[in-house]
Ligand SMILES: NC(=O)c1ccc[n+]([C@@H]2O[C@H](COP(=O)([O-])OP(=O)(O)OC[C@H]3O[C@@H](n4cnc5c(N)ncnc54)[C@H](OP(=O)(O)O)[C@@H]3O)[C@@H](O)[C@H]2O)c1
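A lone chain, given as structure tokens: the form predicted on its own.
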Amino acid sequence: MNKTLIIGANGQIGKLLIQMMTEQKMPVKVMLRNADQTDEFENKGAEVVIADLEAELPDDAFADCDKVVFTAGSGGKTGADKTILVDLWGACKAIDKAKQHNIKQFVMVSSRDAGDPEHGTKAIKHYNICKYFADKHLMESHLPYTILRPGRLTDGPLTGKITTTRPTDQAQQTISRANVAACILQCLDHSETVNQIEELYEGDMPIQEAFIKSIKGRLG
């Protein structure tokens, strides 16, 4: 069975996703920048490849994989330069490499305001612009894609219930990292999410039902 490559494996969402995948015996390969983290992931049953998004990506990272999840991020404490190098340029390099390897699905963890950075949160406008162009590059790559645009991330519990409709109250435009990880897992296992863009927020509908409702709504 082909593997799923997780880029951003050592991030909070990445770790939650890998835990879910290994518990379900799903073959997974993780991309790490720091070789010292290898044991942690191998002990969970994941294959490890060492690579840096700020450098050239090796072909062996994508070998034997048919799906890719990009959940890497420069982090809130870095400057705009790192955001450009990781969230934009790193993402574009991963997309191009995935295309070379005929990846069957590329799941991008983006941002709620990536579709309209001009009217998003001003303090992270540079971040949303990077996400906008990374998403655009993915859509124009002709790779089968799923773009997830979560609201403000929290450390809340895994409920397995979401909404894809943006709440009018900005304070409610949140979602736990655990629920985002569960949404990624859902996308990897259900082909109806291919070539779809979904915003993600805490809600009261099971993930699969929320996705199906959103997709049917767009189809009319």
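When you see a residue number, it is the position in the sequence shown, counting from 1. Computed from a predicted model, the values in this text were never measured in an experiment.
One more form of this protein, predicted in complex with this ligand, exists but is not displayed; see below.
At a distance threshold of 4.5 angstroms between non-hydrogen atoms, Arg177 is in contact with this ligand in the predicted complex. Heavy atoms of Leu153 reach within 4.5 Å of this ligand in the predicted complex, making it an interface residue. Residue contact with this ligand in the predicted complex: Glu40 places no heavy atom within 4.5 Å of it.
Not displayed here, this ligand is approached by Val86 to within 4.5 Å at the level of heavy atoms in the predicted complex. Across the options 22-30, 187-195, 53-61, 157-165, residues that bring heavy atoms within 4.5 Å of this ligand in the predicted complex belong to 53-61. Contact here is defined as any heavy atom lying within 4.5 Å of this ligand in the predicted complex, and by that definition each of Asn10, Tyr127 and Lys131 is a contact residue. Here is the short version: of Val109, Ala98, Ala114, Ala91, the single residue with a heavy atom within 4.5 Å of this ligand in the predicted complex is Val109.
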